[in-house]
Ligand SMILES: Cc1cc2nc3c(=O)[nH]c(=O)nc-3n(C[C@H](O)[C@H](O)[C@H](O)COP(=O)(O)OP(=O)(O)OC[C@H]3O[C@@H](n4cnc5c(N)ncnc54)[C@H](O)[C@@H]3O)c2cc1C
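Shown here is one chain on its own, the form predicted on its own, set out as structure tokens.
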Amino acid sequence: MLNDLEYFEPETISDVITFLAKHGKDTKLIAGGTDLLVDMKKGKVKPKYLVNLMKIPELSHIIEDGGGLRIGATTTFREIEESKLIKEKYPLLFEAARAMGTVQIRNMATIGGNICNALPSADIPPALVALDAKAKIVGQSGERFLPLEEFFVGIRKTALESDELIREVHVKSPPAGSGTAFLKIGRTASDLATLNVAVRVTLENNGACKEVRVVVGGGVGPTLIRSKRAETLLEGKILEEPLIEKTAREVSKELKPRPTSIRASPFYKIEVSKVLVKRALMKALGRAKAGEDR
């Protein structure tokens, strides 16, 4: 019951780590609360302690740093969406952030909370994985960096230890010759993804594909899926529509949608993935050729 809950508002990261070291297994961290409060109301989550992170200033920022970007864990999706830096230099993140929920939700929801909730239908994780992002994680034993691709270990399960939290997300600047695209299909514009696709294509000077990332989310497995088949098929090749169409079909074979999904059947998700992956790759390729993402 909520009456048994103890609530805390620490002002430093070290205070949070100290608290988690003692009560981590019984504690939930809260920032925007757009997912956690709903789960608590439904009785799905019953923590003994609730720790609000929004009073810690060093957790909220968008900073260009050397060859990349640092986004603090409590930075809201609205702040990401409205960042001129992100819109101009990281359009994939802009598109993924804008696709999440309503403006009211984006005003509250935070990037750290969205990542830690580890829902397979979340929009920002595929975009981050396509950009080779890493989580800066802090805890009693110090700090460590973990690729976002390895952070998710199952539905609502992450690689975080009970005394750890995400401090920042580090995003690499896309290499020269890159183009990106994010596409999503849902029951409504503000719903969680039935399926989403994030793509990055990086071209050589001769037009061949130097590097590619194809990441599919939306309940197509216990976590999002980065397609190694796509990378094998496309890297080193001149990207033309027949090859891209073949690649999209191969990506669909890697998906393992849950049969109990309330949003769509496995058959529907697999068939739609062929269309979305092809469209995303074609869009990213066009942007790479035009130099739009750099």
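If you're wondering where the values come from, they're calculated on a predicted model, not measured in any experiment. The first residue of the sequence shown is number 1, and the count goes up from there.
Omitted here: the form predicted in complex with this ligand. The next part is about that form.
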> Does at least one non-hydrogen atom of E204 fall within 4.5 angstroms of this ligand in the predicted complex?
Replying inline: no
> So, in the predicted complex, is T247 in contact with this ligand at a 4.5 angstroms heavy atom limit?
Replying inline: no
>> So in the predicted complex, is this ligand close enough to G32 to count as touching (4.5 Å, heavy atoms)?
In response: yes
>> Just checking whether E143 would be counted as a contact of this ligand in the predicted complex - the rule being heavy atoms within 4.5 angstroms.
In response: no
>> G101, M108 and N114 - do all three of these have some heavy atom no more than 4.5 Å from this ligand in the predicted complex?
In response: yes
>> If the cut-off is 4.5 angstroms on heavy atoms, which of these, L160, V169, L183, I86, is the one near this ligand in the predicted complex?
In response: L160
> Which listed residue (L148, L165, C209, I80) meets the criterion of a heavy atom within 4.5 Å of this ligand in the predicted complex?
Replying inline: L165
> So which of 119-127, 87-95, 171-179, 219-227 is the stretch with heavy atoms within 4.5 Å of this ligand in the predicted complex?
Replying inline: 119-127
